[in-house]
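One chain is shown next in structure tokens, namely the form predicted alone.
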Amino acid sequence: MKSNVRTLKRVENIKGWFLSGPYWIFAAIFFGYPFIWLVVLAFSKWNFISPRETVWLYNFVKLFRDPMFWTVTWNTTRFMLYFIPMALSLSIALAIAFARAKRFKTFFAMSFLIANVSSGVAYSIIFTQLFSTNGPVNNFLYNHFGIFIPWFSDPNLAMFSIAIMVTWKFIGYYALIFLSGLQAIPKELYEAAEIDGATKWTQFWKITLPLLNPSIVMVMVLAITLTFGIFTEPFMITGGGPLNSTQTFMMVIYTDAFLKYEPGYAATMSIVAAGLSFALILLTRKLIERKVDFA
């Protein structure tokens, strides 16, 4: 009897390894090996041609003395301060609108998702034309209010303008996450609140927002991850300017690796950027994440 059980377990183990084996091979080739090579590069000096030289912590010391590192850290912080509040508030409002729509709810949701799946290059070109000096946005503002806004040429406005673009792209995707959170909230809670005389505003602050906590945390984690990986929009529109005000981690990593031929230094910056992103996500979860009970 025991022998049969052992044989059955052995067969199940073989089946399991046979089925999961391709995934582990795929992960080892396309994730494991690049990650190990990234760590090796971070402690090396290399230019793609000459032999690699181990320099241990030299790249990390150089990184923290590099003014560009602190510039992109500040730019990333500014982008987060613009992007996350806009994305959260607008996507929650959009999700509430979706939830209250009586007809064509799916159509509207899919319409906003089109922005999310559109090409970053294509919509960067479109926004460049919209916000250009003689574009329709500035023409409207000048004709009706007599003002002109240098969206992408002012160092103080350029990152904010890019944050508007990225918000437009991801608002539909984030709204769907919030919509699923709204649909999980029992309607009995709102009915009980109305009987107690609570206003719509009170219901939003006391019921909707606290019970949306899992969705808020998820969107914030996605937004933080996006912030440290943004590349296409500033690269296509401003090229990192004016005065390096829209330089991002990904742009500097690309420049160091493929234009300055310093892949070791670029690997160091990518590890530090990933570490900052991970630490910020942990801090966000620690400060915001709460256990939600729908009972």
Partner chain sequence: MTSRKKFAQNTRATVFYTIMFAVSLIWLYPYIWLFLASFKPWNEIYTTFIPSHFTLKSYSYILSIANQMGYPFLRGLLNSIFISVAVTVSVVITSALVGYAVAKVQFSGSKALFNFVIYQMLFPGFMFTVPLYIVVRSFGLLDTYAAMIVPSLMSAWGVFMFSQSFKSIPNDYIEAAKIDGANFFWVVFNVMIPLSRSTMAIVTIFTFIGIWDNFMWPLIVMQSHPKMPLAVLLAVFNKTYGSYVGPILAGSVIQTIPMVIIFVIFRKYFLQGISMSFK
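Residue numbers count along the first chain shown, from 1. Just so you know, these numbers come straight off a predicted model, no measurement behind them.
The form predicted in complex with the partner chain is left out here; the points below concern that form.
Counting only non-hydrogen atoms and a 4.5 Å threshold, tell me whether Gly16, Met110 and Tyr173 all contact the partner chain in the predicted bound form.
Yes, each of Gly16, Met110 and Tyr173 comes within 4.5 Å of the partner chain in the predicted bound form.
Name the stretch, out of 150 to 158, 130 to 138, 69 to 77, 202 to 210, where some heavy atom lies within 4.5 Å of the partner chain in the predicted bound form.
In short, 130 to 138.
Quick check on Ile29: any heavy atom within 4.5 Å of the partner chain in the predicted bound form?
Within the cut-off, so yes.
Ala274: heavy atom within 4.5 Å of the partner chain in the predicted bound form?
Yes.
Ala192 near the partner chain in the predicted bound form, any heavy atom under 4.5 Å?
Outside the cut-off, so no.
Is Tyr142 a contact residue for the partner chain in the predicted bound form, using a 4.5 Å heavy atom cut-off?
Heavy-atom contact with the partner chain at 4.5 Å: absent for Tyr142.
Which residues from 114 to 135 come close to the partner chain in the predicted bound form, meaning a heavy atom within 4.5 Å?
Those in contact are Ile114, Ala115, Asn116, Val117, Ser118, Ser119, Gly120, Val121, Ala122, Ile125, Ile126, Phe127, Gln129, Leu130, Ser132, Asn134, Gly135.
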